[in-house]
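Below, in structure tokens: the form predicted alone, a single chain.
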Amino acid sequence: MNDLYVTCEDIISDIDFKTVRDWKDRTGGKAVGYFPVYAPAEIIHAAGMLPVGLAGAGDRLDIQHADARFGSFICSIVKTTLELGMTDHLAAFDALLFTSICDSARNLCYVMQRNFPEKYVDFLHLPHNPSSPAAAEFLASEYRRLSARLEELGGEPYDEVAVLHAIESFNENRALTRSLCDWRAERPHLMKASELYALVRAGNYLPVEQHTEMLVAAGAEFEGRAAKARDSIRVVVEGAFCEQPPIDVVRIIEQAGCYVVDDDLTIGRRWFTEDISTDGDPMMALAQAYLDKSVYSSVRHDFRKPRSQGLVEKVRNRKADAVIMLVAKFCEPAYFDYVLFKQELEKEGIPHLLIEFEEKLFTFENLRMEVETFAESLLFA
């Protein structure tokens, strides 16, 4: 497991995307980078291309060009992703795909289009009113449009069977991921959140079949572990659905006396709550799953079920003692939702702690002290 964990951490910290370049050299295929949180990776995979989830550059790249194209009060992931492009780190990608996360992410799409006219850069419009009778057909039409553009780019012609096979491959991967998350919630002393974080996040950069093999190997390793439980509180970590925290932040939360029993880190890898149907039109199946089988998120507005209710249910289902709101600096969707989350958590009597982070976080002592104080206040209450 240590070797696998080191491999995963190397993959997610590599801003030269060696795994992507190796795959392209080996297969001759094209790579499509998508901005988190969600993208229809099945469609990209079915076109014979490699879907790659971008997550900025962390602390591994200094901002030299992006500040000239974005204002000061913009989250790190937007700026460092643009900086990756301006410094030729995204040269391995033949296309870039963006979706409705926030105004900054929407604007990044068109800034990329202007600065990289040689690349196929597209914005996938996701429905904001899932209760509309037209929502499913609208989204399916967007998926068909994307498939046609990928075919123009040099991908495989649209093949319904290929899309269905892609859905099956991703269903298997997501089922294994959900299983590991459930296992972690039941035995948090045997599986570190930092390990699972690195393992799941590495899937953003690998062919789905290769990542599935890693999940299977990790599951077998975890099953054979033995360790003594320690005095820790059970927490849900919420708010880092787009910009991802440094892995040291997750380690510190654990070391400070917390078992992380659930989170919304790399939520795109766990976007669907159950398998997507492989019967009938696959584009419509993907659209229906997005509308009816996806997790709550601050970037997905479903008026049929409030997000604050989803968080409370997550806390109850995981038998958590508290919530740690881990929010990226300048992340408007997370801070807008924090008001609603805070009201609901206080109404339900669930303790919570708000922590702000950014990609370029070098010192962690203040964060450690805050979490330790919070954990001790609950342990010794």
Partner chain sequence: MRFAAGVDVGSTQTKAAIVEQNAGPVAFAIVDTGASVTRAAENAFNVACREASLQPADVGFVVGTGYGRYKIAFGNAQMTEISCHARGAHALFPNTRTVIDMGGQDSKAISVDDNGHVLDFVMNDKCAAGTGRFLANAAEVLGLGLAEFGALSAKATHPVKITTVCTVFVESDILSYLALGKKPEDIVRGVHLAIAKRTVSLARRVPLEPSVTLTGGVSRNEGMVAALEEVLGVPLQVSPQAHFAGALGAALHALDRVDASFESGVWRTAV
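These numbers come from a predicted model, not from an experiment. Numbering follows the first chain given and starts at 1.
There is also a form predicted in complex with its partner chain; it is not shown, and the following applies to it.
Trainee: Quick one: of Arg304, Arg225, Arg114, Arg230, which gets a non-hydrogen atom within 4.5 angstroms of its partner chain in the predicted bound form?
Mentor: For this set of options, the contacting one is Arg230.
Trainee: Using 4.5 Å between non-hydrogen atoms, is Pro188 touching its partner chain in the predicted bound form?
Mentor: Although its partner chain is absent here, Pro188 would stay clear of it in the predicted bound form, with no heavy atoms inside 4.5 Å.
Trainee: Please run the contact check for Met369 against its partner chain in the predicted bound form: heavy atoms, 4.5 angstroms, yes or no?
Mentor: The answer is yes: Met369 has a heavy atom within 4.5 Å of its partner chain.
Trainee: Can you tell me if Leu353 lies within 4.5 angstroms of its partner chain in the predicted bound form, counting non-hydrogen atoms only?
Mentor: Contact with its partner chain, yes.
Trainee: Is there any non-hydrogen atom of Ala256 lying within 4.5 Å of its partner chain in the predicted bound form?
Mentor: Contact with its partner chain, yes.
Trainee: Its partner chain isn't shown here, but in the predicted bound form, which of 271-279, 101-109, 164-172, 248-256 has heavy atoms within 4.5 Å of it?
Mentor: After filtering at 4.5 Å, what remains is 248-256.
Trainee: Would you say all of Thr373, Glu376 and Leu379 touch its partner chain in the predicted bound form, counting a heavy atom within 4.5 Å as a touch?
Mentor: Every residue of the candidate spot has a heavy atom within 4.5 Å of its partner chain in the predicted bound form.
Trainee: Going by heavy atoms, what in 265-286 lies within 4.5 angstroms of its partner chain in the predicted bound form?
Mentor: Counting only heavy atoms within 4.5 Å of its partner chain in the predicted bound form, no residue of 265-286 makes contact.
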